[in-house]
Ligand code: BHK
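Presented as structure tokens, the chain that follows is alone, the form predicted on its own.
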Amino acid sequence: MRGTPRGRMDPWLSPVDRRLLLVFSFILAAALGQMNFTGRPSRNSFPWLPLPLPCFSRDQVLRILAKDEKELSLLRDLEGLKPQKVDFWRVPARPSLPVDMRVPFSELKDVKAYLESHGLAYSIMIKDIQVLLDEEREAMAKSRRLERSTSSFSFSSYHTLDEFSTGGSQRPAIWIDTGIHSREWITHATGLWTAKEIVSEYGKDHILTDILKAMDIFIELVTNPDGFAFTHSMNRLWRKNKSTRPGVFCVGVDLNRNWKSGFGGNGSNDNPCSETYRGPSPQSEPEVAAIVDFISTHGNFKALISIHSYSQMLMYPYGRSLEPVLNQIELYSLAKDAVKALYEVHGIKYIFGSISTTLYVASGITVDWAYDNGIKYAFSFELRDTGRYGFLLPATQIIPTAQETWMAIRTIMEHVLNHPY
């Protein structure tokens, strides 16, 4: 098994073939100075303020079920009316899909008045974001205390940033990436558990063993390292990377809109302040350029799996348009099998299909680029849940999520093994 193309490290599991080894090194650090979603100043940011700090209403996540395109348009207008204020967790795509948006305390009254004045019914999915954030931080702190006392690594906790790597060759290969959107912590945790599963089950799981005898697996656990670090140090709900440009006030590019395939099309934004800002040019961001260079230079990737959250979906190209890909029937059937295998683990239901018809139109995305560059099996996951917690999925769901996702990934990899091209 291979890691990301960022250098070589010594193996740590001697019985396994060197080509299959992963090296994990994680530095656990407390999250200091984090952005607070309470509408009040953070104690870490303002340690000199007397206790108790003033308490205000908290940020909320609202869900709207738009009845038609007119109502969707009204929701899209909110981003323009409240730039950098309304944070869509599930964007206005089509009437059949709910729209989730985080609204800061300072904007709650205005946003709710806007919705009500236009007859847009809403429900409160998360009444108090800060409660979930506090629970998440406490769970991480508890995990760190336990790990220090037992010298054991916990796969059932969220962790901070570090990287892993071994080398590479030109054998047939599979690429898996997690965390291209930095706030999607369940994806990093799932990727880490998956890497452990691959290493520990090699030689025991005959299907996995056959896969690894024929192909290499590359996993990039932290596809957006600067953004991920920022979610731990300052803003837990940061999505983009942290790139800056002269004369541009807003920071960051949505790395999953920066790929060359369909760049600049529907579902991306040319406004640097937008959460879906595509960047100034295709592959302008080093995170994307590095993957493109590595996969293109390698030249023998057979599958690409990009893992996101949330919505419980398994999808394939295209995202940029409704145009069906040449092997759509095969991809549909494979997605169906993978979702079935996932369901059989914990009874969690996923929907599946092309990105544009299952989720929304999105241009300049990873899986479209992969497919257009000859990778026949290109898939994108949206992991748990469907909105109860959104991006703040409790750590208690890490291992169940990883277990079921692994069975879907294993199903895809077995199909790739049995259908060489």
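Numbers for residues come from their place in the sequence shown, where the first is 1. Because the structure is predicted, anything quoted here is derived from the model rather than measured.
Note that the form predicted together with the named molecule isn't included here; everything after this is about it.
K.L.:
Are all three residues 221, 404 and 407 in contact with the named molecule in the predicted complex, where contact means a non-hydrogen atom within 4.5 Å?
P.N.:
No: no residue has a heavy atom within 4.5 Å of the partner.
K.L.:
Counting only non-hydrogen atoms, choose the one of 192 to 200, 179 to 187, 321 to 329, 337 to 345 that falls within 4.5 Å of the named molecule in the predicted complex.
P.N.:
It is 179 to 187 that comes within 4.5 Å of the partner.
K.L.:
Residue-level question: is residue 291 within 4.5 Å of the named molecule in the predicted complex, judged on heavy atoms?
P.N.:
Because no heavy atom of residue 291 falls inside 4.5 Å of the named molecule in the predicted complex, the answer is no.
K.L.:
With heavy atoms only and a cut-off of 4.5 Å, decide whether residue 365 touches the named molecule in the predicted complex.
P.N.:
Result yes; residue 365 sits at the interface with the named molecule in the predicted complex.
K.L.:
Against the named molecule in the predicted complex, would residue 382 count as a contact residue? Criterion: heavy atoms within 4.5 Å.
P.N.:
Close contact exists here: in the predicted complex, residue 382 approaches the named molecule to within 4.5 Å, heavy atoms only.
K.L.:
Flag residue 391 as yes or no: does it have a non-hydrogen atom within 4.5 angstroms of any non-hydrogen atom of the named molecule in the predicted complex?
P.N.:
Output for residue 391 is yes: heavy atoms within 4.5 Å of the named molecule.
K.L.:
Work out which of 301, 310, 263, 350 lies within 4.5 Å of the named molecule in the predicted complex, going by heavy atoms.
P.N.:
Selected option: 310.
K.L.:
With the partner left out here, which residues of 351 to 369 have a non-hydrogen atom within 4.5 Å of the named molecule in the predicted complex?
P.N.:
Those in contact are 355, 359, 360, 362, 365.
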